[in-house]
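One chain follows as structure tokens, the form predicted on its own.
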């Protein structure tokens, strides 16, 4: 692997950082405490071109075709400059679990209708997979799509859905034949306002409070055939295709946040004086800093490797599972070290350190729990 970056990649990363720092961090403590999602900030991200990183130029994208390495580096910069981890999660969730599947599997009409509305910020999209009784065991989903004249009738419920209360469109996975297991899973694009489609209120949560998470219900909800994404039973392929892209760029933003976190913690321990010297001189503190740096760099290597593999058309199932496990667990551990390095004030909301800790916990749960990643790794090792 070549670890150098083209100048236009690093230049755009710097532009993203500057945009995020200048535009996206105001009133964050208050928005986090109140659990407020800002559609205005979402629109500013769209206007800047963030959402265009996950769509071809023909449909409002930044490049002629999506360049995963370019997009990943940009989203790393976004996580570094934007302290709002909830906003970062929401943007990445739409881009990589909705836009990319439509760009790859969608019809020309679907691409024109949806991608242009998403990249412009006009519409917001949610990826609806998880159910109350089908979390890690997603292929035991109970949401059914019964084929009927001209389309399908959906019945079921989805929960823990990022952006559900704000979504104008949902990419919904349902089973057309439970006997087929994962090969019966089919994807549908469901527009807000469709009869029988209901978005339920936002769930209160520990962290990532600035992005809403809620649920969908489907009661005799008719979806025309033209709103099916891909063929019948293509849901499994769609999920597999988007998952590795999703992990690359969601985790890229977490990596950027970890880099910012490390730099801010180093600056603090250099300045903070106790017993006549900076606390960074004490071995217990400096060891924590060293551990934070090690987690950052090992996570970076895995992230860049997954992105490189995907860009070159190679499978990255093992590497993506290792990345998800390593980086999400590292963000939790480093967030705790950042708090400990500040002592009591690290526990205070006003210092904005404890928020990263609360937000980081979500990363070991969404997009496949750490336990699931370990199971995937073990299975791929032949265990």
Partner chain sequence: MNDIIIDYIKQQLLSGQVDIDLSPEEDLLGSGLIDSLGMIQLLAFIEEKFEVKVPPQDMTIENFMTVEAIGNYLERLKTA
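Positions refer to the first chain, counted from 1. Note that the structure is predicted; figures quoted are calculated from it, not measured.
Although not depicted, the form predicted together with its partner chain is the subject of the following passage.
Exactly one of the stretches 81-89, 232-240, 205-213, 118-126 approaches its partner chain in the predicted complex with heavy atoms within 4.5 Å, and it is 232-240.
Not one of 72, 304 and 364 comes within 4.5 Å of its partner chain in the predicted complex, counting any heavy atom. Of the residues 157, 192, 293, 182, just one reaches its partner chain in the predicted complex with a heavy atom at 4.5 Å or closer; this is 182.
When its partner chain is considered in the predicted complex, only one residue from 104, 300, 272, 219 comes within 4.5 Å through any heavy atom, namely 104. Although the partner is absent here, residue 315 sits close enough that one of its heavy atoms falls within 4.5 Å of its partner chain in the predicted complex. In the predicted complex, at least one heavy atom of residue 139 sits within 4.5 Å of its partner chain. Shown without its partner, the chain has 376, 379, 380 in segment 353-383 as residues with a non-hydrogen atom within 4.5 angstroms of its partner chain in the predicted complex.
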